[in-house]
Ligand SMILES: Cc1cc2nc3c(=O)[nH]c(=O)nc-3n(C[C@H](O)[C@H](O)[C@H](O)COP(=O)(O)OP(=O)(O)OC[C@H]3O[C@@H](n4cnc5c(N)ncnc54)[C@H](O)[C@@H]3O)c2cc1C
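Shown here is one chain on its own, the form predicted on its own, set out as structure tokens.
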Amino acid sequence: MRKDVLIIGGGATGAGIVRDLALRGVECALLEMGDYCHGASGGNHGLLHSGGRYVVTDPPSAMECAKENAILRRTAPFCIEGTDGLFVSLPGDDPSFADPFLKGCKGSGVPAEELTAKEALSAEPGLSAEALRCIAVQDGSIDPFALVQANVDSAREAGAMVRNHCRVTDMVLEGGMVVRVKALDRRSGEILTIVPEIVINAAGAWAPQVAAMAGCEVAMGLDQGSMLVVDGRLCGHVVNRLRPPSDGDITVPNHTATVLGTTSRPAASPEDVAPSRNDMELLLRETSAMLPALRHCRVVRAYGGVRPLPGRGGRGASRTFSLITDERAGNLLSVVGGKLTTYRLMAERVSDQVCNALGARAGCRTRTEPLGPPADEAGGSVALARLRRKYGFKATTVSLADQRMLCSCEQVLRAEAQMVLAGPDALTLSDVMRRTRAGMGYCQGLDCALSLQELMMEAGGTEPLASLTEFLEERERGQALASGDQLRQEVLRRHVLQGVYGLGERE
């Protein structure tokens, strides 16, 4: 199978690249070893950055975020909540930081406005009464799974081949160029062979391993960050600590929950994502200083992700991105770093370089081409408006004639899961969860896992028992630090699924 371009990695960057190239008329394919958002694109807090976080410490990243924030609000509003954000200074914080912050916002093109304490508390009633200074910015929350799926769907419509659960296993080089790439398709067991003109390594934290298949090296630091999911929306805005980027200084309202983040430590591997008890205690302590109600919250889940950063990584590493070439494989281009917010810009820069090498003259269309309908598009029911926020243009393919509920925690209809299962991407129960949110609520799948397994059996083409076991194990990992009401919920969940149904039993 010949392709002009092969992209390896189906996170936001890879999905953005395959869409950009396909819209320019380039023959391209994307292969992802797991599901889309397998790595850092799914292991984050869903923050649409205004750029404010970086205006003092990393102005180039701040400028990139500010510009891309505005573009995404125009082109992908269906999966974005324009919550706006607040940067809050508390007793003990450096009182002199606010002035360079405001100056940095102005210099980086980040819209910002200082509020009085009264104005801040009026805008965010749950804010600490001890807040000293408060600056409003244009942060927001974004659904990374919906964003990436929309890019995949758009790329396919433009003629690209996109496959998840398809692991690259080997690269063959001749004359310092990658001439063949082999991959194993998990669905069929088929070995694919692709003959590309150019290979783009967008594998995130796995980029060094992909590059090594071509005898190349990618200098990268792996940085683990932990996050907590709190039941309910305990703030209306994204709330940030007004200080240099550090641990536990962001809260993001997202769908039915609030996400607390994040931490930073060196990661031993891309799979080194597990949060620690210390991470959980730190996140609750630091974020509750900004939002006191978090001291009494119910933590539904703890999870982590690994950031692929240039150089050695860490808090001091720039959040901008790099394009890396290596003469040992002249047609391999690796993209490293960046943010979810800047994925589209990364894709544009990569696509520009690729098209220049191919002699293709078509320009980038992703700055203006919509990924989905407006979030408040007129017409239709309240139910349809809710579906648009998750599925964009595909919302109208969900049958509203069947109002039976699959997941009561997240208000997911059976018809939503059926729509996803009828598509080409959902191989596992977790794949359906990422697209519908079934199983993401406080019961973590107790109410819907078996019903979803039943739907998968009806749809055929999957191994439902193995998929259910995989799903239960993944949900359990997120409950390793559970306490209080959530621990009691987890004990009940395990008793019902293991003790009553005999599922997920350990040897």
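Just so you know, these numbers come straight off a predicted model, no measurement behind them. Residue numbers run from 1 along the displayed sequence.
The same protein also exists as the form predicted in complex with this ligand; that form is not shown, yet it is the one meant from here on.
Out of the listed residues M213, V218, L291, C364, M213 is the one that sits within 4.5 Å of this ligand in the predicted bound form by at least one heavy atom. By the criterion of a heavy atom within 4.5 Å, K339 is counted among the residues contacting this ligand in the predicted bound form. This ligand is not drawn, but in the predicted bound form it has no heavy atom within 4.5 Å of L228. Among residues of the shown chain, C443 is not one whose heavy atoms approach this ligand to within 4.5 Å in the predicted bound form. Though the partner is left out of this view, H45 does reach within 4.5 Å of this ligand in the predicted bound form, counting heavy atoms only. Across the options 464 to 472, 28 to 36, 56 to 64, 449 to 457, residues that bring heavy atoms within 4.5 Å of this ligand in the predicted bound form belong to 28 to 36. Residues C166, R167, V168 of 150 to 180 are found to place at least one heavy atom within 4.5 Å of this ligand in the predicted bound form.
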